[in-house]
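One chain comes next, on its own, written out as structure tokens in the form predicted on its own.
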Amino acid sequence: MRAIVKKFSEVGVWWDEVPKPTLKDNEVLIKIHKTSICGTDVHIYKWDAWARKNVPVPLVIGHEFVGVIEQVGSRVRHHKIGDRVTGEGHLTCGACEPCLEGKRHLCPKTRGIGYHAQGCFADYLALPDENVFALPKEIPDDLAAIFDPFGNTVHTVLSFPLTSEDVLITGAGPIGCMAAAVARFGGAREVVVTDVNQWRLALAKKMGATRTVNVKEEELTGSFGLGFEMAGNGDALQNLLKHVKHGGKIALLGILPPGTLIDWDLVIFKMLEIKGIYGREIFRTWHQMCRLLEGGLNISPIITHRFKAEEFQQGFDAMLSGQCGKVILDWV
């Protein structure tokens, strides 16, 4: 089958032919229709320190997808051939304390498809039945293909009550832009997004930000009850800590560089509440995503580029340019 593979331990990814997955008893075989390129895939493309540490070579990459089930294993009980599905890309152990308590998102042995295990940038993906999410017919394929990052957004932004709050979002990448949309839809009064990329700040405005601030060109002003760190940048975090008011709440999704310094005086004396976020709550967040979209939330402007799967290099070039939202690859 066709696939996009991290074939060599160097910069780039490659179009290749690989064997179709062999199905285990507890897995379904999904015919991939659309995928989306993630920032994680860009890390793998660049072959940075994180990628070199985590990604075995060769590996089919990718973890954002939508498709249709073509085959089911003998022990599959929850899904059937013909179901239109996406899936949770975090593979959990099922035996640790959080898993047994129904908190799979806290599993310390989590592995990810597309960077630890074989991914979805291919004609077919084999996925455990327990990781598969059947889609309502109202959710179009393009949006279903970005449920993974949209889920990161929803998990982060819905961590705290939003009604009437003033919200600060640091980072106008795709997740930060979607965060602006969710926050406004959820009842926030003001939603301010900061970044240094003017193109993406314009996209954040389109997605619902009431104000955007290019911190290279102007100073951020204001006081905020909620802060969401989406940039993975130490300066952005410091700015957020400075501008969240006493007793404010902060959720951290952006992965900060090792050794990032924090002004703990701000945290302690302002009595801030800080929550770390990784991935999605399985499957609570997924149901929240569906309800938000079915209730009228519009995140479609975040999809800015579409290419055929074999044009993947153009998709990665768009991601590397910094002038894009989500990039969709079509496999059918």
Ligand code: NAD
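Quick note: we count residues from 1 along the sequence shown, nothing fancier. Given the structure is predicted, the values throughout are model-derived calculations rather than measurements.
The same protein has a further form, the form predicted together with the ligand, not shown here; the description that follows concerns it.
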{"item": "Contact test, all of Ala172, Val196 and Gly254, partner the ligand in the predicted bound form, heavy atom 4.5 Å", "value": "yes"}
{"item": "4.5 Å heavy atom contact, Gly208 to the ligand in the predicted bound form", "value": "no"}
{"item": "Contact flag, Ala236 vs the ligand in the predicted bound form, heavy atom cut 4.5 Å", "value": "yes"}
{"item": "Contact test in the predicted bound form: His243 vs the ligand, heavy atoms, 4.5 Å", "value": "no"}
{"item": "Proximity of Ile139 to the ligand in the predicted bound form, heavy atoms at 4.5 Å", "value": "no"}
{"item": "Position in contact with the ligand when the complex is considered in the predicted bound form, options Cys120, Ala180, Met230, Ile146, heavy atoms within 4.5 Å", "value": "Met230"}
{"item": "The single option of Ile262, Leu106, Leu100, Val215 touching the ligand in the predicted bound form, heavy atom within 4.5 Å", "value": "Val215"}
{"item": "Heavy atom contact within 4.5 Å of the ligand in the predicted bound form, the stretch among 276-284, 262-270, 28-36, 289-297", "value": "276-284"}
